[in-house]
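The chain that follows stands alone, in the form predicted alone, written as structure tokens.
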């Protein structure tokens, strides 16, 4: 059976597959946000400490397990111990949940890409109202980019309870996204191995173009100074360290079973230690690189908004007090406001509510992550660039490559255990198994294209994987070190790569990494308990902004099921194995 197992064409193909999977949207829209929130350049200190203490060791462990056992997640952990079969099942379920909603991001990227060829860009101006006498009221109350996202893309409902109907444009984009994924995974490593060269390398080409363009934008320096100025006082904040550890953990894609699946197609003698170091360093370097690009564009956007605000205030004051043109500038604005307030107190007091307090620092302090950064902040910056259509196309092609690359890993985590199963593989060809998995995911994913779909997206994004993955990886490390045995694992590694792991790897596997995971698990569990009633951000069209609402009872039930569906597999798998062994022992006839 082992001889017939498909293999990567070469080690480079495997590395590209891991990079394509690990380097995803989180590097672009999550890491810059964490830098902004937790000390700018100072955040890199806990980030790299967590990379050394948690990221590299756990990545190496998963790659080594996959390469040694030459099975997907279910088969690999079953070989280590029959009682651990539930660990692999839990990984498959988490990957299934992730695939259900993650490809919706690719659908949105397709939607924006198709609209990027218009002149002007559809999110650059507000549409006219039905009477064609003015602009849409909702758009005037918010920004053009927010209106395009919440109304024209999502057509979002006011709450989770108002589910609405499926948006057929988004449903078509989702179908297209799943069709692309299916074509990429159609023949397993044979087709995936070719695709990863594009999905892993093209985003870097786009980021380099954006870096060159970003550094030449007016105000880019403001963003970069803001990013690289370390706020070392944040190092005393426990959330800084928790956020660094969490980012490393989820960015590398640990616990999903994707890395085990990819490594199972390696030659047994492949140097997985070297590849673990390469992939983790490239992943972290990409996060920093993407942050430089993001903050240069963020600086441009903040400076543009700040200068627009100043211009509006100057125009308002000049018209109200009939000042000479050129007498009021950005440099003397503060002094002139004080002078006008002293000489014309009544007129100034009437005008005061309309005068905004313009601040570049406040613009830079506005922290946005996730879809808000990817589809609102970036599109707002793009619309103000020269030749915005070109940069829009490049940006959304990059998002697609990052999203599809991650989807290849997510689907591999589901498909590899299925194709490893003799019962399934003997009855159905690989193309049919892949097609069924994609079809089921696509049909269920239509939930996220409804008017309330974005709220369900947030539920899955926030709760489907967090606690589950921490528990899965904790059990993995304990299983390898204390059930399989670290000395036995050492011998396996010596057989594969020609040398035993040094003290660093063993200390991290046996002590440091498990303690870190337990700390994260306790933090998240405590945070959920202390939060009380779980809440979400809903779009209020009448105000043109997000408002906080409590999750309804059935949504809380779904959240509970999402967490329980995967985590309960671990004890249930052990229990079922124990019962089977007990029944088998009792059924064996005793010899008199």
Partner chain sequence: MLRVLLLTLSVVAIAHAELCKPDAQNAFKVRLSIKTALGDNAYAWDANEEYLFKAMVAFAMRRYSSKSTTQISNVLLCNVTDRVSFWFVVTDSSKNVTTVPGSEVEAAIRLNRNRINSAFLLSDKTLQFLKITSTLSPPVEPSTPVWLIVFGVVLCLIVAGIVFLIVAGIQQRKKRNKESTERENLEEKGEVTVTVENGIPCEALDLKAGHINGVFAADDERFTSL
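Treat the numbers as computed from the prediction; the structure is a model and nothing was measured. Residue numbers count along the first chain shown, from 1.
The discussion below concerns the form predicted in complex with the partner chain, not included here.
Name the stretch: of 354-362, 74-82, 240-248, 186-194, exactly one has residues whose heavy atoms fall within 4.5 Å of the partner chain in the model of the complex. Residues of 186-194 come within 4.5 Å of the partner.
Residues 161, 335 and 339 are flagged as a possible site; in the model of the complex, is every one of them within 4.5 Å of the partner chain by some non-hydrogen atom? No, the candidate spot makes no contact with the partner chain.
Looking at the partner-bound form in the model of the complex, is residue 132 within 4.5 Å of the partner chain by any heavy atom? So residue 132 counts as contacting the partner chain.
Is residue 503 a contact residue for the partner chain in the model of the complex, using a 4.5 Å heavy atom cut-off? It does not: once the partner chain is placed as it appears in the model of the complex, residue 503 has no heavy atom within 4.5 Å of it.
Taking the partner chain as it sits in the model of the complex, is residue 169 near enough to touch it, meaning that at least one heavy atom pair lies within 4.5 angstroms? Yes.
Heavy atom of residue 424 within 4.5 Å of the partner chain in the model of the complex: Contact with the partner chain, no.
Though the partner chain is not shown, can you say which of 485, 230, 345, 429 has a heavy atom within 4.5 Å of it in the model of the complex? None of the other options qualify; the answer is 429.
Counting any non-hydrogen atom inside 4.5 Å, which residue from 289, 226, 182, 460 sits next to the partner chain in the model of the complex? Filtering the options by heavy-atom distance leaves 182.
Heavy atom within 4.5 Å of the partner chain in the model of the complex: which residues of 314-328 qualify? If the 4.5 Å heavy-atom criterion is applied to the partner chain in the model of the complex, 314-328 yields 315, 318, 319, 322, 323, 324, 325.
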